[in-house]
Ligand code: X2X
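In structure tokens, the next block holds one chain alone, the form predicted on its own.
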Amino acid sequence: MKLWLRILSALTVALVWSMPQIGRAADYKPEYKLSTVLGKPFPWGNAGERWAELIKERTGGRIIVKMYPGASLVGGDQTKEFTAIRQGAVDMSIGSTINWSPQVVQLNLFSMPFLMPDYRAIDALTGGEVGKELFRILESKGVVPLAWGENGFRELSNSKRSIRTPDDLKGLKIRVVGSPLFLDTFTAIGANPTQMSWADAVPALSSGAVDGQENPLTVFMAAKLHSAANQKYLTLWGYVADPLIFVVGKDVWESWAAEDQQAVREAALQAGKECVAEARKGLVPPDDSLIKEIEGFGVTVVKMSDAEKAPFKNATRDVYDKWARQIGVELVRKAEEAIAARK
């Protein structure tokens, strides 16, 4: 009799502990929509797939995430993604600081021309007080930021000639993202910037409607721009970087139990770390294997020195000062100090 009582007691305890979990899972959506601009095999898309995989694993299948690449949840217009998250049309996203900057002006910080000279500078911002302040700003706008990822430094390619000086850019039509800061920057250095979505960019490059573009080298490679878009000249100048941010809509986040929130956060941190590593593979000295691979396709690569970057920095100084005022002079100062103090 005592044995049966002990068994019954144990079953009762197990049932009590499981009921809240079952109740919570029953209230969850069958599927959560994750928006990304790029899919696989880009590091950005790989990060989305990895985050979804880790979430399923760490929540025991209570949270199922499906990735929608190509900004397909917002009709291909990546600049509308942040608004869609706030409105609940998108549940989760790994978003670009560039694409979200029209709604969150402070994210233009990473697009300030020649602010970040190396990867350690990016890390000093995303991993320090500046990154925390940006997360607080995002939280105030109705999303829950969880982790940083990376698209990478944006390099310049074109189909016409090598770029070494601002004069070399004169008259070239360069595809840029939908950001006023990018228009200002390329206008200042003598180019003819043309805004268009990524979905429209490759056809425009292939047809010659535009001459060049700027993107991380992982995008250059995965999209095969050397052949698909006749981009035979590449300049490594690292003028801006494009960190990614893992976020969940506030209402969605608050609908999850605390243990699932923690699981999703930990999954984002891991996927973000893996994303950064993939985005930098073959690009961090002494490993320059990705650059050598691109050269192997017959692409002429210019590795711009600090001295060669100086005329571009001088040409964009007024743009830098203008946007520092819009972003917030104090935030820009903190960023400059963090970069100067980087290890």
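Residue positions are given as counts along the sequence shown, with the first one as 1. All of these numbers come straight from a predicted model, not from anything done at the bench.
Below, we turn to the form predicted in complex with this ligand, even though it does not appear here.
Residue heavy atoms within 4.5 Å of this ligand in the predicted bound form occur in exactly one stretch of 186-194, 110-118, 147-155, 258-266, and that stretch is 147-155. Proximity of residue 211 to this ligand in the predicted bound form: non-hydrogen atoms within 4.5 Å are absent; the residue sits far from the partner. Residue contact check for residue 242: one or more of its heavy atoms lie within 4.5 Å of this ligand in the predicted bound form. Among heavy atoms of residue 231, none comes within 4.5 Å of this ligand in the predicted bound form. For residue 198, a non-hydrogen atom is located within 4.5 Å of this ligand in the predicted bound form, even though that partner is not displayed.
Contact with this ligand in the predicted bound form, defined as a heavy atom within 4.5 Å, holds for exactly one of 235, 126, 218, 96, namely 96. Listed residues 169, 205, 177, 143 were compared with this ligand in the predicted bound form; 177 is the one with a heavy atom within 4.5 Å. Residues of 37-59 placing a heavy atom within 4.5 Å of this ligand in the predicted bound form, in sequence order: 37, 38, 44.
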